[in-house]
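Next up is one chain by itself, shown in structure tokens, the form predicted on its own.
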């Protein structure tokens, strides 16, 4: 089948039996295993799963940062297989925007300069680049912070600069890899809501890889990835940390009991917070409902 010019223009991303294997023979590791996936224009997809499940590798395959060992990855109707390094670079620069766990801003540059750099790489320079960068930062609610350096911005503000940078060249697809991991619950939710508004208002496709259960209500679809494979249901092997609402393996040894129930935690810090005031977390009305809905 020739995917080079795909007929279905409503699909921004298509994967057909995409597989990524690291290493060879007895040392090989299958990070993404025979994944087939379609994502429509303007759709928001959240890919969830535990650490090590293959989420980052899948995002990198979609983002043309990695080449599949086998299978096809199609972006905006073009099969990435066989494209030159120059063309792949152009696709990453112009058709895909990236938001990562860390904003990765250049510390010596101001917010507006961090956005301008991406525009410059695409050939937009001078007053045009500055105007575009300023307008994007205003959309992010940072109109008064354009000349601040990253050290002068909060974590949430830095992530919003990163989103503005991802949007600089007006890509159709935004890929976000654990974008809320370094943010508190309220700020993280605001960042994802901002991404959702962008998707719906501008018709952009957003794919978010995360193990943060707090943001799944903002997605059009939630997919579960485990051992490199997309599953149609939540894994029985995981439960929710009642403090941060992250997914935790049931075999985790970071546990405590309260009122006859066992609670699992992603880190000892969450356990300590729970033990300081267990009633505040154990009695959250939605906690048990979430665990029930995972199966």
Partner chain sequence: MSVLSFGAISYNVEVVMDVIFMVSVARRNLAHEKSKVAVSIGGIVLSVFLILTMVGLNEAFSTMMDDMITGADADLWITSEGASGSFHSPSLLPISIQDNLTQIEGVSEVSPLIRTPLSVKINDEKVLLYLNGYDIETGLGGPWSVIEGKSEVENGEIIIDRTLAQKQGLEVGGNLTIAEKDFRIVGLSDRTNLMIAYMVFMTFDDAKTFLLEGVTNYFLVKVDSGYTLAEVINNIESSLTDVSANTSTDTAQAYKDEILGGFIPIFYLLSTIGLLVGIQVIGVLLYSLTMDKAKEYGILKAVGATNPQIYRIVLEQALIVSILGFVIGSIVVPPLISIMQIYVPEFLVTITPNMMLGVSLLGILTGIVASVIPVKKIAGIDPALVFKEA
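Note that this is a predicted model, so its numbers are computed, not measured. Numbering follows the first chain given and starts at 1.
Only in words, not in the display: the form predicted in complex with the partner chain, which the text now covers.
For the chain shown alone, residue 177 is a contact residue for the partner chain in the predicted complex, at least one non-hydrogen atom being within 4.5 angstroms. None of the heavy atoms of residue 82 is located within 4.5 Å of the partner chain in the predicted complex. Using a 4.5 Å cutoff between non-hydrogen atoms, residue 221 does not count as a contact of the partner chain in the predicted complex. Remark: residue 160 does not count among the residues lining the partner chain in the predicted complex, judged by a heavy atom distance of 4.5 Å or less. Three-residue candidate spot 92, 120 and 182; every residue lies within 4.5 angstroms of the partner chain in the predicted complex by at least one non-hydrogen atom. None of 59, 266, 46, 39 but one reaches within 4.5 angstroms of the partner chain in the predicted complex through a heavy atom, and that residue is 59. Out of the listed residues 202, 102, 187, 152, 102 is the one that sits within 4.5 Å of the partner chain in the predicted complex by at least one heavy atom.
Of the candidate stretches 188-196, 68-76, 106-114, 211-219, only 106-114 has residues whose heavy atoms lie within 4.5 Å of the partner chain in the predicted complex.
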